[in-house]
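Consider the single chain below, provided in structure tokens and representing the form predicted alone.
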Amino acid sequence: MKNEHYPTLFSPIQIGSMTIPNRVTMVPTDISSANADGSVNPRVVTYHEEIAKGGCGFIIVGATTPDKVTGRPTVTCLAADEDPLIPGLAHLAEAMHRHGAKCAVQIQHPGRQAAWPRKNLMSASDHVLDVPGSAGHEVIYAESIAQGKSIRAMTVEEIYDLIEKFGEAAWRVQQAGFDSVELHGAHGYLISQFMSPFVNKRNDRFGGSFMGRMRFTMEIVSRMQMKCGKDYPLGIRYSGDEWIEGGRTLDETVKVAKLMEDMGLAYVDISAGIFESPGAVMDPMYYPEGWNTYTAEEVKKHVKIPVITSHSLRNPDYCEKIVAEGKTDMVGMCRQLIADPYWANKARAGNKRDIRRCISCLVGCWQESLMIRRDMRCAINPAVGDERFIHLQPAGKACKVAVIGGGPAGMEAARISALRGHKVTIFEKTGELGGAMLCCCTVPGKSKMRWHADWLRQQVEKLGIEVKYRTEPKAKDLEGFDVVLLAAGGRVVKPDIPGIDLPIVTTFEDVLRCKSTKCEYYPAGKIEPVECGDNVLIWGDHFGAADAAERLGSAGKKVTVVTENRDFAEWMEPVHRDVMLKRFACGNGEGLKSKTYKHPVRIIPSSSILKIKKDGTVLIVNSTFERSEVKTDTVVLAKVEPNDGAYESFLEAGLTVVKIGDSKNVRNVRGAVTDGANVALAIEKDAALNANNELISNLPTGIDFVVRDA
């Protein structure tokens, strides 16, 4: 029966011997959550099983190494290099099969981009590698500087040894009961290193011509077919355009697809980029939905086997459109299914407003996990890697919970508290919920943050949570609440220097304030954003400073950023930072077509401001006490500190109060959401503050921590 909402998206498709129930694919990602030996554990099973429960038709388990000794893409990736790993892989396949999904394992050797081992890494050719956006980046210690990683060319003997290991890994996956195997030939990993004219500079049988560069892949395919049978469906994921001079372009991508079809592959999975140009690989917030679809559309014109497209697919309307128009056969999602494993079920039911759309922040799933050798998390979905949030336990007895502040921390805490049965009231000092997320609405390329703000606002409404706008309660107003959560966010720092109160001085919050009255949540009486002059100086180094620089730079202003750090935005997720700095230099991210800046953004590092004069002259001093002046029309303050002024008064009044989000520590959206989620799990009738002034509950029987008089 056809689905009434998305009839093409939820129609079956044949891939080799597999009948896939719908066109939704989980394209592979490394969740780095296996055991240290690469074996499957409950975390890996649960993660993939939830996606199968969520209705995804074809699930490709990512980044499974055929040889742990020479290369793991992350330190705890899956492995298929030993027979004792087969039973665990079988449990994983069964978990997906019992919910109707077909499943594959992606075999990936990282080569030069291995996270482990760190040294003696191999590739198609000798070179020095510098890919700070990759999980296999060079490790730079606190007192060291970047040197680049020395990479060596594989010998022919090593190549054939690894070809055999790829074949053995595929056989193990087949024995475990998976429906298919996919080769990872994208993003600069080992197969890609041989395929890419940018990386492969060999002059033997495995380099040179197109067929020479494809020989490694072809030999692997032949070996897998010999071990698994030619009817066993094989696929390959590779980049449609590597977005680097000397790399593969779309013309050669078509040749690769035709060659793979001739060799008997069942499908091709078209990605983008190489880690020397990380924007196209990871497509951060700046990239519009489906920006890479054109590559799959072109490949599809030349082959009969199914084609999968991916990159920033979020909206089921768009996904239905590109499948129905024949631009692709299947839509591939990765981060979207991390943020919401139940995307397919919600879309099929026509409930797209309830989809928690990925905001492409790359914080939980990359910067704060795989990049630093931890298992994967998600900035907006606390259940990833933490099963406490999959099946929320109802509270033993309902509590009255006050949440002071309606930003991401406050709304997430309110959401989970309400789901557990508590009665929640949010006190918000402005006329709308959203907090710091709303500062991104006016920043070109950053409006995806609004998606999560809207989703949380919808959940607050759906759960019937009371919201008191334009209210800043005092301690006496909160006496009837069992628990108080201070989630008031951060506040802009106003240093005590001459000129700080001049009319030309404003804050990033005033500059970035949204003025769109089309938003359903836009409050009446909202103050208009501050208009800046042509020359703007921004003082600070956090999200407010970066977003203000991007907002004003894109508007044609001449922007100068003063930071006390040795470089600007070193805290930022590295792929976002790479694209941002290219835009600051009047360029763009690879594959981006957004408007470029009229003037480059100037950065003054290791410096601070001493004085602001009435005529707009700003006196600056650097770390060696050298002074300079900058003439500006507007000074934007962008330093942020926790807004926790009410905390001590709440404690003194005897309230059970804890700080969460930026009120506790100025971080990012993941820090805020995680704080809110964690504290909401601790709220019970017996909850109290421990010796660290953190909320705890459910202590062992007989443990009493009630504070008594001395």
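Since we're looking at a predicted model, the values are computed, not measured. Start at 1 and count along the sequence shown; that's the residue number.
Beyond what is shown, the protein has a form predicted together with a small molecule; the following relates to that form.
J.: Verify the contact flag for Thr29: yes if a non-hydrogen atom of it lies within 4.5 Å of a non-hydrogen atom of the small molecule in the model of the complex, no if not.
T.: Because a heavy atom of Thr29 falls inside 4.5 Å of the small molecule in the model of the complex, the answer is yes.
J.: Taking the small molecule as it sits in the model of the complex, is Trp366 near enough to touch it, meaning that at least one heavy atom pair lies within 4.5 angstroms?
T.: Close contact exists here: in the model of the complex, Trp366 approaches the small molecule to within 4.5 Å, heavy atoms only.
J.: Is there a heavy atom of His422 lying 4.5 Å or less from a heavy atom of the small molecule in the model of the complex?
T.: No, His422 is distant from the partner.
J.: So, Ile404 and the small molecule: in the model of the complex, are they within 4.5 Å at any heavy atom pair?
T.: Outside the cut-off, so no.
J.: Just one of 566-574, 617-625, 245-253, 326-334 has residues with a heavy atom within 4.5 Å of the small molecule in the model of the complex, so point it out.
T.: Going through the listed ranges, the match is 326-334.
J.: Looking in the model of the complex, is the small molecule within 4.5 angstroms of a heavy atom from every one of Pro382, Ser417 and Thr674?
T.: No, because Pro382, Ser417 and Thr674 lack any heavy atom that approaches the small molecule to within 4.5 Å in the model of the complex.
J.: Can you work out which of Gln106, Thr506, Ser125, Thr293 has a heavy atom no more than 4.5 Å from the small molecule in the model of the complex?
T.: Looking at the other structure, the residue within range turns out to be Gln106.
J.: If you check Ile609, Met376, Ile603, Leu478 against the small molecule in the model of the complex, which one has a heavy atom within 4.5 Å?
T.: Answer to the contact question: Met376.
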